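To begin, one chain is listed below as structure tokens, in the form predicted on its own.
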Amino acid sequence: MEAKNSAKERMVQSALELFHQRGIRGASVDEILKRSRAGKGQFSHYFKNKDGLVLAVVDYLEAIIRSGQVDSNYSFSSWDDFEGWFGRYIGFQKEVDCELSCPLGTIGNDLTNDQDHLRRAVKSFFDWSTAQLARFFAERKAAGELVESADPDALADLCMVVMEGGMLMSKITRSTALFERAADQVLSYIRSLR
């Protein structure tokens, strides 16, 4: 007999897969329950409503990304680590034939004006990930590896916007060409500041 918490885990994992493919509006609770082999009672017990499940998915994604369990790697310590960061996302797009985008970006795109609590949760992750990039740039600047005029926060914003936009444009165009060109331009610009 399966433990109760595995029903919760199955619902979160099933919701993540469906939200990533279709967004939160494109995935019904009934589909998630069917895929996870869970019942409505279990769903109500753990999440109360769909927003509760979305929040659980965002929390789960944030936890596995922050802990390094997925290959998004925000803990770079060298220029090679940083330069490989865009490559990992471009590689992911190629692996999935450009059929998916960033799961948190996909979830965030579907939020409505009355879902501020969910928007704050998604924003919290993006704030954290941008701060990781900014920390790296600040460390490189302190080590004398970036020109004095370089703004670590602005460079982090640039990288996050290009990565998220690149993921989305790859999905829309079904090609990584735009993403690759944009990433190359960002990397060339940052190299010019070194």
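The numbering used is simple: start at 1 and walk along the sequence shown. Only a predicted model underlies this, so the values are computations on that prediction, with no experimental measurement involved.
Although not depicted, the form predicted in complex with a further copy of the same chain is the subject of the following passage.
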Applying a 4.5 Å heavy atom distance criterion, does Asn109 contact a further copy of the same chain in the model of the complex?
yes
Against a further copy of the same chain in the model of the complex, would Gly26 count as a contact residue? Criterion: heavy atoms within 4.5 Å.
yes
Leu16 versus a further copy of the same chain, in the model of the complex: is there a non-hydrogen atom within 4.5 Å?
no
Answer with yes or no whether Gly39 is in contact with a further copy of the same chain in the model of the complex, where contact means some heavy atom within 4.5 Å.
no
Listed range touching a further copy of the same chain, judged in the model of the complex by heavy atoms within 4.5 Å, from 53-61, 137-145, 152-160, 39-47
152-160
So, Ile65, Gln69 and Ile90: all three within 4.5 Å of a further copy of the same chain in the model of the complex by heavy atoms, or not?
no
Need the contact residues for 98-128: heavy atom within 4.5 Å of a further copy of the same chain in the model of the complex, sequence order, or none if there are none.
Glu99, Ser101, Leu104, Gly105, Thr106, Gly108, Asn109, Asp110, Leu111, Thr112, Asn113, Arg119, Val122, Lys123, Phe126
